[in-house]
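First, one chain by itself: the form predicted on its own, in C-alpha cells.
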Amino acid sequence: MSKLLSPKVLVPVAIVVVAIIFQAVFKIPGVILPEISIPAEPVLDLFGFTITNTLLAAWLTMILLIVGCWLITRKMSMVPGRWQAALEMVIEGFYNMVEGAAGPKWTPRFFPIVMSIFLFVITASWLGLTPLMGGWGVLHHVEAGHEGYDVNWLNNSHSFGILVKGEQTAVEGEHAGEAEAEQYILAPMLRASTTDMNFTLALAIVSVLLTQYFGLSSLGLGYLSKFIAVGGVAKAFRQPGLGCAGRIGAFFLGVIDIFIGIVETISEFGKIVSFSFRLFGNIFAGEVLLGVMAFLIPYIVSLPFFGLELFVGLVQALVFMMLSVAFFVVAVSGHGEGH
C-alpha cells in the first residue's frame, strides 16, 4: 500500500487527473482520431503520376539528409571543433561496431551502405513524430458506409478548413449521396515512409540483393553452390574407389545437400519478408498507438509515448543495420567459415 502512495505513483496520476479536469473546464479542442490506413494515401498528381504521402515523406527525408550532410561537412578541419569532434565520435563508434562484426577487410565496403540505411530509417521514423506528419493534408469525401467529419471552412471557396471533432457520423443508406458532399476524412500530406510496406519491402530487397552481390564478389560463382548443390550427387557417380555402399551413402548425402540448397533459397526470400514486416509493423504500430493515445487523453499524457517511439525508431534502425551486416558477413564467408 505504501508503494501505491509513493510520489513516483502519485505524481503521474495527479498530472493525468489535472490534465483531464483542465481540458473539461476550459473546453480545449480535442484531437481528431486519425484515419488508420495501411496503404499510403494519394495526395498529389504530378505529370500524370500519383504521389502518395509516404513518397513525399521519403523525398523530404532525403533532402534533410543531403542538406544536413552538406552543412556538417562543408567546414571540416583537421583540428575538429566541438560539434565536429562529437560527430566524429558517433561515426567512429558505429564504424567500430561494424568492424567488430565484419572485420577490417570488409568494413570499408560495408559501412557506407549500412550507415546510409541506418540514417535513412531513423530519420524517416523520427520525422513521423513531428508536427509535419499526420495533422494536415488533403480532404477526401467519405464513401458510403464509412465514417466522416464535418468541416469548418476557413475560406469561401471551401478549399481550406478544419475537421470538427464530435460531428462524426456514418454515411450509409439512402442518405449517403446527400451526406457525401458534407462528410470528409483527412489523408495526411506527409506520413512516415517507414509506415509504408512498399518502402520497407524495397529496402529489404536492396539489402538482400547486396548480400548476393557481396557473396559473388568474394567467392565467385562458387557462392551459388549453396543454392544449387548438385555436386554431391555427381560426386557419388564419378569419384573412384567408393564402392557400392560408399556410392549409395554419397548419393543420399548429395540429395540432402540439394534439399539444403532449396532451404537456403527459401531463406533468402524469408529475409525479405522478415526485414520488411519487422520494420513496417513496429513503426506503423507506434504511429497508431500515438494517434489513439492522443485521441483518448490528449496533449500531456501522450508525451511519454513519444519518448518510447523515439527509442523504438532507434532500435529498429540499428537492428536493420546490424542484420544487414550479419547477412553480408555470412555471404562473403566460404562454407564452414561463418562465425
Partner chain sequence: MDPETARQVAAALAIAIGAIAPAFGLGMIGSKAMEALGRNPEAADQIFVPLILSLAFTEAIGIYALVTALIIKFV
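Positions refer to the first chain, counted from 1. Since we're looking at a predicted model, the values are computed, not measured.
Just so it is clear, the following notes concern the form predicted together with the partner chain, a form of the same protein that is not shown.
When contacts are judged by a 4.5 Å heavy atom cut-off, F328 does not count as touching the partner chain in the model of the complex. Though the partner is left out of this view, M97 does reach within 4.5 Å of the partner chain in the model of the complex, counting heavy atoms only. For the chain shown alone, N282 is a contact residue for the partner chain in the model of the complex, at least one non-hydrogen atom being within 4.5 angstroms. Although the partner is absent here, L308 is not a contact residue: none of its heavy atoms lies within 4.5 angstroms of the partner chain in the model of the complex. The three marked residues, L46, T50 and V138, fail to reach the partner chain in the model of the complex, with no heavy atom of any inside 4.5 Å.
Though the partner chain is absent from this view, in the model of the complex it lies within 4.5 Å of a heavy atom of just one residue from L303, I63, C69, I38, which is I38.
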